[in-house]
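A single chain, nothing else alongside it, follows as structure tokens in the form predicted alone.
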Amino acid sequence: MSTRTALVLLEPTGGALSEVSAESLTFARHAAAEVHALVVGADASTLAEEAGRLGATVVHGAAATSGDAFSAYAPAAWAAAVVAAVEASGATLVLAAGTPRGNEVLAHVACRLGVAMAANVVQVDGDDGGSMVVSRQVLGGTALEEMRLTDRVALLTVAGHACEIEPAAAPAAAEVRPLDVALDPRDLVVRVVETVAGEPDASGALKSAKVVVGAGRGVGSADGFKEITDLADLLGGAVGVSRVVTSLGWRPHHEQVGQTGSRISPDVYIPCGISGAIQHWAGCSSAKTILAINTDAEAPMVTKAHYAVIGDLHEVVPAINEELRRRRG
């Protein structure tokens, strides 16, 4: 059992914990004896109950000693807050979500502390107090690398969906502690000066779906998707596609699964007519169960799947749909 105290950098969304921050707290609880959290640029008291439910005993609320420097995101300033929280908490393990912000801030922290950082960690394999061995995703998630962290403070970012969000055994609201952070003017040289709202993230349903029905070039044309969408509807799931499908204009980009699309982790993924190129596998390898439908028994997706049906998707999928409708009356 680890004797470490962990500090988790939180990324609130709309006054509540983001899903990635909740995952990071759960991950930290399994890697440390005590968990503290840090909130920068938001009201820490509004997150105390939620953070406590996930195992944090203390939430540090960072405030600049002068001005409102934390009113907008500035990576170096946030890093200064993390360093101050490490000193206040005595943490020897610092975690953040493996998001662009989490990776950027912890990279700054690594430079300030002169220690190594492991990005996109999925598991802690060992910890003797002096060193920590972790497994992290590399090559777009297609391989795992084992890394040993031997510095006085271990820094890591947690890969998305590396663990399931679980409440603590004895949840209780975390204690809120104000944290004064002295900033250097240079900490604010790079900062957000304007935020422009973009289009809504249409990929949200795909990323959160428990069942995803995938489709690739094997569908044949834009007109061949009805049976795919019917199966997704019957299973209460979402449609995901390979890059070639969006490149051909058969389906919109927000449905793309892969290294340049969405990364998904459904309970069930059913790739139909998808060969399973490494770029696509990077987006779906976290699925708990994969059932591939393909005419090629040697296709990478088939060989990596938990189950496979070797056959024409235009025959197999309609048969599945018909059976589902029959069973449901």
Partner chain sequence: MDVLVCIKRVPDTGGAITLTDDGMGVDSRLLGHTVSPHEEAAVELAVQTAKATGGSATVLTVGTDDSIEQLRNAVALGCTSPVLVEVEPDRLGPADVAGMIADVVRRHEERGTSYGLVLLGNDAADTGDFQVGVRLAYELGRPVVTGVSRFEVDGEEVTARVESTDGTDVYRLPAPAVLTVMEGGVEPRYPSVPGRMKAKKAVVETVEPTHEPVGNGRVRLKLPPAPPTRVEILGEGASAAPAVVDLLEKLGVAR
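Positions refer to the first chain, counted from 1. Keep in mind that this is a model prediction, so the values were computed, not measured. Here, rigid core means the biggest group of C-alpha atoms that superpose within 1.5 Å across both forms.
The same protein also exists as the form predicted together with the partner chain; that form is not shown, yet it is the one meant from here on.
*Asks:* Any chance residue 64 has a heavy atom within 4.5 Å of the partner chain in the predicted bound form?
*Replies:* Taking the distances in the predicted bound form, the answer for residue 64 is no, it never comes within 4.5 Å of the partner chain.
*Asks:* For residue 119, is any heavy atom within 4.5 Å of the partner chain in the predicted bound form, or not?
*Replies:* Heavy-atom contact with the partner chain at 4.5 Å: present for residue 119.
*Asks:* I'd like to know if residue 46 sits close to the partner chain in the predicted bound form, meaning any non-hydrogen atom pair within 4.5 angstroms.
*Replies:* Looking in the predicted bound form, residue contacts with the partner chain do not include residue 46, since no heavy atom lies within 4.5 Å.
*Asks:* Quick check on residue 136: any heavy atom within 4.5 Å of the partner chain in the predicted bound form?
*Replies:* Within the cut-off, so yes.
*Asks:* Only one of 108 to 116, 173 to 181, 89 to 97, 219 to 227 gets a heavy atom within 4.5 Å of the partner chain in the predicted bound form; which is it?
*Replies:* Selected stretch: 108 to 116.
*Asks:* Could you spot which one of 28, 39, 270, 51 gets a heavy atom to within 4.5 Å of the partner chain in the predicted bound form?
*Replies:* Flagged contact: 270.
*Asks:* Could you pull out the residues of 146 to 168 that have any heavy atom within 4.5 Å of the partner chain in the predicted bound form?
*Replies:* Contacts from 146 to 168: 146, 147, 148.
*Asks:* Comparing between the shown form and the other one on the rigid core: C-alpha of residue 18 shifted by 2 Å or more?
*Replies:* The answer is no; the displacement is under 2 Å.
*Asks:* Is residue 210 among the residues whose Cα moves by 2 Å or more between the shown form and the other one after superposition of the rigid core?
*Replies:* Moves: yes, 2 Å or greater.
*Asks:* Spell out whether the Cα of residue 238 moves at least 2 Å between the shown form and the other one when the two forms are superposed on their rigid core.
*Replies:* Residue 238: C-alpha displaced by 2 Å or more between the shown form and the other one.
*Asks:* Closer or farther: how do the Cα atoms of residue 125 and residue 269 compare in the predicted bound form versus the shown form, where the change is at least 3 Å?
*Replies:* Farther apart, by at least 3 Å.
*Asks:* Mind checking the CA-CA distance of residue 19 and residue 237 in the predicted bound form? It differs by 3 Å or more from this form, so is it closer or farther?
*Replies:* Note: Cα gap between residue 19 and residue 237 widens in the predicted bound form.
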